[in-house]
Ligand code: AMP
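Before any questions on binding or motion, here is one chain by itself as structure tokens, the form predicted on its own.
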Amino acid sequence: MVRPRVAGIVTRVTSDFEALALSPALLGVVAELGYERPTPIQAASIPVLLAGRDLIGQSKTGSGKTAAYALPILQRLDLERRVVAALVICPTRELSAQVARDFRRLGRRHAGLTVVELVGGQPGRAQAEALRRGAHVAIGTPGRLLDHLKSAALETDGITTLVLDEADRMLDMGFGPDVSSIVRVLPATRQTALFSATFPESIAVLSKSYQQDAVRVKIDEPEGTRAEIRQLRMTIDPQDRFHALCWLLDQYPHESALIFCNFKATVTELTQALASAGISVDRLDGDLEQFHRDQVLARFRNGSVRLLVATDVAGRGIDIHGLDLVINYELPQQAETYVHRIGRTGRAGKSGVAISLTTRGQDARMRAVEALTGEPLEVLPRRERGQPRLDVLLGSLARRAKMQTILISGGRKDKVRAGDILGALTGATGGLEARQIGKIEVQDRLSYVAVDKGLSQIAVDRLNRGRIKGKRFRATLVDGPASRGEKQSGQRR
């Protein structure tokens, strides 16, 4: 059994949500969402947060940390007061969006609950207007939060809970000064929770600065319960990197794979090289506008694109179920970043493979990785250079995705639900079978649905002729790698 370590003492894990003193409304939502029992981080953290204590929560990526703090926040909200009572700071837009989705899902029985996202890449004026109308929970990235604080759009007097999600990553990305500036203007009397996958010394310093008598929850996992991630490395010559990547993609079967690079320019070059060979691929980096980032992630999550090439902007906050393979095309500078990268696979009890391409002189960096993970990496033998031929490898990889994504111009704020879209596609007008429809993702003003590639244009035509919940929405196909003309640079992230 996985046991949490709370304030240095191993504690018993409750086996059901009813024992956590959650409200009937939240227990009902938990049951509706199919959560059978709390994860260890939830079982250990929820009682501490409900009691009003400060907390440091440490557990692996994908262990349910968002619900561990969202449920206590939702329970303690006064919905009658339309002021921001809880502030969640995240390192990336993607994590902010995921956290906001989880709050809305868990708070579906909280009538009038308003959650706002305050992130870059979206119009600041619309965000300020949402704050003016009133909100209960604000979730955002440090830079945009500072903008709203400086303009007085975000009022802090009512904030009673502060959460730093992926706090270690926040510091790794250089957001420490911005976070300090935000915290300085918050009420001194508040609850502060830090959640992190790792616990470097910088987190201890952060806790000392921002928290009072914090309870530390650390999830220790027995060997048999750890994520099944097979970790490998292969030493290559730098000029052989692309050839080696194609060989790995050919040798390790996958439905979806995430390929990490250190620089945006490398992401663009690699994506173009793969796409030109007919490979299903897209890219994610800091040069994409928020709309395109959301689009890329929706396509990757629903299987409309098989390979995603990314900088570390994708290293955290992206929950992709069933990701088979992670490849470090370039080795990250820090061992902690390596841990976060490979944590995208081997989630929810499933197995995964993580492979790193390394060059001579990087042994010290790999020893640091092994020291942090506690596991030696399996060494793949060097291949004979040029074997098999690159054109042969590219030809074998040129498989298109089975699904294609349709973008619908209506979302949550238009009262559109996933079931409505499914009904429109499978009803008399749509005529499709449920098995021909994949993942449906409903956002605020847009929705994405994956449809069997051979039927995607038919589905678009029928959606445009028909109605969803009695209303007309525009449907369009989304396809092709993200070669959208954004500025290029060699900067990180």
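Note that this is a predicted model, so its numbers are computed, not measured. Sequential numbering from 1, following the sequence displayed.
This next part talks about the form predicted in complex with the ligand, which is not shown.
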| property | result |
| --- | --- |
| Contact label in the predicted complex: residue 105 to the ligand, heavy atom within 4.5 Å | yes |
| Exercise: residue 53 in contact with the ligand in the predicted complex, heavy atom 4.5 Å | no |
| 4.5 angstroms heavy atom contact with the ligand in the predicted complex for residue 473 | no |
| Residue 253, heavy atom within 4.5 angstroms of the ligand in the predicted complex | yes |
| Partner-facing stretch of 462-470, 445-453, 32-40, 430-438, counted where any non-hydrogen atom is within 4.5 angstroms of the ligand in the predicted complex | 32-40 |
| Distance direction in the predicted complex for the C-alpha atoms of residue 306 and residue 94, relative to the displayed form (3 angstroms or more) | closer |
| In the predicted complex, shift in Cα separation for residue 306 relative to residue 34, 3 Å or more | closer |
